[in-house]
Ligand SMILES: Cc1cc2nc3c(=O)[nH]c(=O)nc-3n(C[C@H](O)[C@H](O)[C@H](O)COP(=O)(O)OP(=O)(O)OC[C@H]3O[C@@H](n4cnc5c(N)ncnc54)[C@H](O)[C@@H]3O)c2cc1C
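Here's a solo chain for you in structure tokens, the form predicted alone.
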């Protein structure tokens, strides 16, 4: 398999997902496509059969693909959905329209350079805006959906919609569409939300000081470097914080810092991070996740819920 980067507009078969997830581990996707832009993504989705499983992936910073791979088409949006525009400026603030493939830290910088305040926390989120929207990502006391004015979405039929936060159930690290799209001729449908992906969002921020915002971004990034194992492959926080507590505190209290399964290790720097020490398999990472969950439950009686997504088949 060539190491050549997947080019815009290129479909590749049996593509190792370890090249496209931040854990640098896992099996192959049966098909992997990188759109050129939004129009190309729309055209591609419209050509796919209804029975074809599609997974939309940004930077892969919150994803583990099992070693048996993924019998699906993976669509890579980073580098394709990359546009941003400043809208509706006034004395109190502005709306920033950003496509889903833009990395969240870049959104923080775009807002800061535009003289807006409140986006700085996005510098601490390692994924794209689309991934942040899908899981209501947050850190440093704020969450992305606190700033959403509207979102643009795409469904499996290639239909584009504009939605507002009122269309979603929005919770801690979880977002779900309230009412699935339905055409009159289809009749009643199950209460499951239809597959739908974020193309872009309009984000509302208050007027502020560029220098102050950039200074805060630098401080938050310095804090990340000091407290998180950013120099080793990882997927950010593995578990959601349980109500009134911190997953990292519970894991550390179980003596699990440094615990290993093969080349997967609970970080010594931050207990809610699992790092790939070099050649970790997806199974080793998943086994370590399960071990942490079992021990935290046995000692603290707390069921840790994963923040990362695990997809695919066991080898």
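Positions refer to the first chain, counted from 1. Since this is a predicted model, take the numbers as computed values, not measurements.
Form predicted together with this ligand: not shown, discussed below.
- Residues within 4.5 angstroms of this ligand in the model of the complex, judged by any non-hydrogen atom, belong to 126-134 and to none of the other stretches in 106-114, 241-249, 126-134, 90-98.
- Within this chain, residue 59 lines the site of this ligand in the model of the complex, having a heavy atom no more than 4.5 Å away.
- Put simply, residue 306 is far from this ligand in the model of the complex: not one heavy atom of it is within 4.5 Å.
- Though the partner is left out of this view, residue 205 does not reach within 4.5 Å of this ligand in the model of the complex, counting heavy atoms only.
- Within 4.5 Å of some heavy atom of this ligand in the model of the complex lies at least one heavy atom of residue 236.
- None of 161, 82, 157, 173 but one reaches within 4.5 angstroms of this ligand in the model of the complex through a heavy atom, and that residue is 173.
- Only one of the listed residues (86, 230, 214, 221) places a non-hydrogen atom within 4.5 angstroms of this ligand in the model of the complex, and that residue is 230.
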